[in-house]
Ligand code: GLA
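Let's start with one chain on its own, the form predicted on its own, as structure tokens.
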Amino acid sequence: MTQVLTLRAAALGLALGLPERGMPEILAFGRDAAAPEFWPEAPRSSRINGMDEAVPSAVLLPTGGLGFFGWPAISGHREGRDFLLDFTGWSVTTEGEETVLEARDPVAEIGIRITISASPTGLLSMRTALTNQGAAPYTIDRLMAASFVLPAGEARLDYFTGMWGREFQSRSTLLSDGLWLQESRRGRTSHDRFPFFFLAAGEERIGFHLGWSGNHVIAIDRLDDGRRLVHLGALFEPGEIRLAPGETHESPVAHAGLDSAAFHAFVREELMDWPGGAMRPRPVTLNTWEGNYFDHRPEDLMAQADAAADLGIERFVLDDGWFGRRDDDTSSLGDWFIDRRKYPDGLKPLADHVVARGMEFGIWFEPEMVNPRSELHAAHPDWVLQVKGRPLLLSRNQLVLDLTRQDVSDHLFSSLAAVLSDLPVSYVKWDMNRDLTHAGGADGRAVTTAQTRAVYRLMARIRQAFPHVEIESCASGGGRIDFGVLRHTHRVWTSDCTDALERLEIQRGARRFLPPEILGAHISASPNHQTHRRLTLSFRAVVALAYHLGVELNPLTLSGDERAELKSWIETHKRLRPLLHAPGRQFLLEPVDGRHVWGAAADERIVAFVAQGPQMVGEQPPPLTLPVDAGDKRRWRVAAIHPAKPDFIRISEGQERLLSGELTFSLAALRQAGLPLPMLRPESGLLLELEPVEGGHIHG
């Protein structure tokens, strides 16, 4: 018996037709989508594939070999047999936001479960599970989490590429006929093939994300009728997923939403698991890495903590170099005990000093890795991912521990727990500095998927044992940023590159799907340690201020003027933080001629950041227009500008009056005509604060 099922996540709709046999047909998907009344009475016909009655192609998770000739979303076999899957007897159960579709193939003896969540934040989320109901093992070659369909016609793909230090580089391309395929085999979300994108076709433009930190595949398949199926899922190595009788394998979760606001709302309202149940103001952080590297001296670090507290910093994070015999990156990963050469009295005096100065204490770990030069590797060389007979490949002098082994996971938990129990730690920077290769387990089989899930379990175990501790996801910067790892963490290190000019594009890309308050953005030293570029403190601050603000330098090296300026920027951030991090208030504009604009708007204050990257090509910048409420009838003015004297190339008398607050304007004018700001010099920026004029209303 056929039936129609319609699911809605705010304005995003998905209508499915459940047939007597075969996969659920996608009848409609997109904004305000609704099922057609004629399904299934109007069967399709086709002269192309020669079938007397065409097999539907726009279906959830199509399987091959039964008349569908596109890219199969599910495939597997039982020792070469049972390679066809034809599910029957679909049932539907709904509880709250979650709907579960279930069916089985009685010939192949495989059960399927598709779970779809329709969030009021505007995301549709989907995951799929297969169960081996037969008496012999079943190998899954491919199991996508979800399939979605977009209309026929020209299709434009907006996606990300990049590398270490250049994450979230936005790219756009028109899709041709055939198949667009992205595969990542790095064992982490990756810097270069990030699983988030927008696809526009017809009147629909929809964002998609796979919440998964391991290998992934994204396929966009053009169907015979011109529509496109979008598939997202984990990527398996040969023979990696082999189900024993009665065993089930479930995919990661794929998400779809109409815009960035829907993804931001989902992260804030449903994804994040905050200590205490709610996010508190994001503490301004000092991270010690670029200020110290491996040179750890307790007295000097205490002096840095004093200087940090005087600047208004709220969290002090001790980075790499405190454990084992860690003088460089060639040794001691895995030896998570305090280096008594550097800290003869342990870390407690430093941690207590930090807390006594009113700051939180955080610490760096890289639990998944081990150096060959370490006590742990000397004692347990069999604990690393490896394939017998194949050479071990080092990356950053590291090998990868096999967390799928319970003894390895237990050892790591005990090692981290010993440190967290002994010290007043409220924050862990959890790093991962290499891709996975030779990802074989103790039995010689591929374990990339299992390794990813084992990392999640270890994070969850730490969180359960230490519920007050927040975790930052760092992986050579932005190499592991996705909704999978964010279920267990609270902040991401957006990039190892702290150069403010590079960060303009990195942060613009990342906040396409993540809210700014969880994106780490630090004010670092000049010249920058990655690019050697010299940038003013005001430009570095403007670029970082709207995000989870931090400082990445030794504060003792600052001059008196620099300390005063940095303290002022931190005070400004704290004052504006409730607005900058408020749900539904932020905006981000597309860059024009190298000028980046972002900020937040509330009823009583509008904050706009303006940063000029390269030199403009135009003779003058376009007026600054902002997406504000044009129905507001009050008059507004510039209440403050930071820095007080931006680096303008030239400024007119009228522009000076505007920026000094003498001239007022309506929000309708701000939205439509815009403010005629002066041209900024390249690599400079400003922060504008706008406020309504008391009693200044527009009449008529």
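The structure displayed is predicted, hence computed values, not measured ones. So that there is no doubt, residue numbering starts at 1 and follows the sequence shown.
FYI, the form predicted in complex with the ligand isn't displayed, but the following is about it.
In the predicted complex, which of 380-388, 488-496, 346-354, 105-113 comes within 4.5 Å of the ligand (heavy atoms)?
Every other range fails; the passing one is 488-496.
Looking at the ligand in the predicted complex, is some heavy atom of each of Asp320, Asn433 and Ser476 within 4.5 Å of it?
Checking in the predicted complex: Asp320, Asn433 and Ser476 are all within 4.5 Å of the ligand.
Arg396 within 4.5 Å of the ligand in the predicted complex, heavy atoms:
Residue-level check for Arg396: yes, a contact with the ligand.
Residue-level question: is Trp364 within 4.5 Å of the ligand in the predicted complex, judged on heavy atoms?
Answer yes; at least one heavy atom of Trp364 falls within 4.5 Å of the ligand in the predicted complex.
Quick one: is Trp289 in contact with the ligand in the predicted complex, heavy atoms, 4.5 Å cut-off?
Residue-level check for Trp289: yes, a contact with the ligand.
Wondering, does His209 line up within 4.5 Å of the ligand in the predicted complex on heavy atoms?
His209: no, not in contact with the ligand in the predicted complex.
Considering His255, His216, Arg540, Lys429, which brings a non-hydrogen atom within 4.5 Å of the ligand in the predicted complex?
Residue within 4.5 Å of the partner: Lys429.
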